[in-house]
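Below you'll find only one chain, the form predicted alone, shown as structure tokens.
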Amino acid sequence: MEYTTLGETGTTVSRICLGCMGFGGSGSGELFAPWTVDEEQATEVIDRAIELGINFFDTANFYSVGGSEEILGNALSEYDRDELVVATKSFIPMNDDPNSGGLSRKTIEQELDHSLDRLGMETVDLYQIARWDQNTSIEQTLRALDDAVRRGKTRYIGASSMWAHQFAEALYTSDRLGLERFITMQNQYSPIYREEEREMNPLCESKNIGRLSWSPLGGGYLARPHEEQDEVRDEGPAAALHNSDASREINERVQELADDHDVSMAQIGLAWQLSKEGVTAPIYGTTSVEHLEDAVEAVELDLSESDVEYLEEPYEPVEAVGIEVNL
């Protein structure tokens, strides 16, 4: 495993972050999904991740309606907490209570407390807002997050997918008011979705914001040939990107490069991520130990400039997806 720093914090994290969206079991609530796994299988993946050198884990309160946080917390309790970096997030409503979602002070304070209880931690390393809240001023949100840092409930704060002008406003507001600043941006980024290169990624680079890529393999699309995509979980924001001629061509080029390097397609997709300056760590979500072991090997794979150019050449602009969520 290789390591880097999380934004400007000086905190060391593995170049692969284990995404925990798939942990929680299925069938127990409207936010559960049929592809999630129970605690026993999830713990096997977490244990193996730590054995492989991964020290960075990303979850959210709304993943399996708290189930993911509980499973992660239980698994990590067997290890030295000081050696691990844990990120969670909130915004999506947890239930019918309107105050269980959004970014009001009430919601942030109560949902952060609930997350800490489920994780079995007094402090989480990185607390992120999952989206921009149109109903709450960013100043109010930042003041609540600043207080959370000062009270020792989170060490750092981060943001996730939004428009670049919104993120710029948030950074400016923090600087103007002397509040804690977002140190990471978790945004959708993959060879089939590069719209973030227009504004968000350059903004992050200019402000020294660490980037955490979600859906780094396009929702699994780049992990296997497109002819087999009926076997891939085809849902979520990335699914809209799977049916274009450009995406199919990129998929085929990933296959070709995988054959040339004698590696898996997933390793090519993750190696592309790791070749990008400013990407701290792609968030790789898996429920399989085998797939996890395969993904970690991507850290040792160096793509040439010509490989990267060949992979990127077919890309065509697409409509922005996965940015706005209406509560």
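Note that residue numbering begins at 1 and tracks the sequence as displayed. Just so you know, these numbers come straight off a predicted model, no measurement behind them.
The discussion below concerns the form predicted in complex with a small molecule, not included here.
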Would you check, heavy atoms only and a 4.5 Å threshold, whether H226 touches the small molecule in the predicted complex? no
Any chance L217 has a heavy atom within 4.5 Å of the small molecule in the predicted complex? yes
Any non-hydrogen atom of G24 within 4.5 angstroms of the small molecule in the predicted complex: no
Would you check, heavy atoms only and a 4.5 Å threshold, whether R131 touches the small molecule in the predicted complex? yes
Pick from T154, S160, S115, T141: which residue has any heavy atom within 4.5 angstroms of the small molecule in the predicted complex? S160
Interface stretch in the predicted complex with the small molecule - options 255-263, 48-56, 296-304, 276-284, non-hydrogen atom within 4.5 Å: 276-284
Non-hydrogen atom within 4.5 Å of the small molecule in the predicted complex for each of G19, S288 and H291: yes
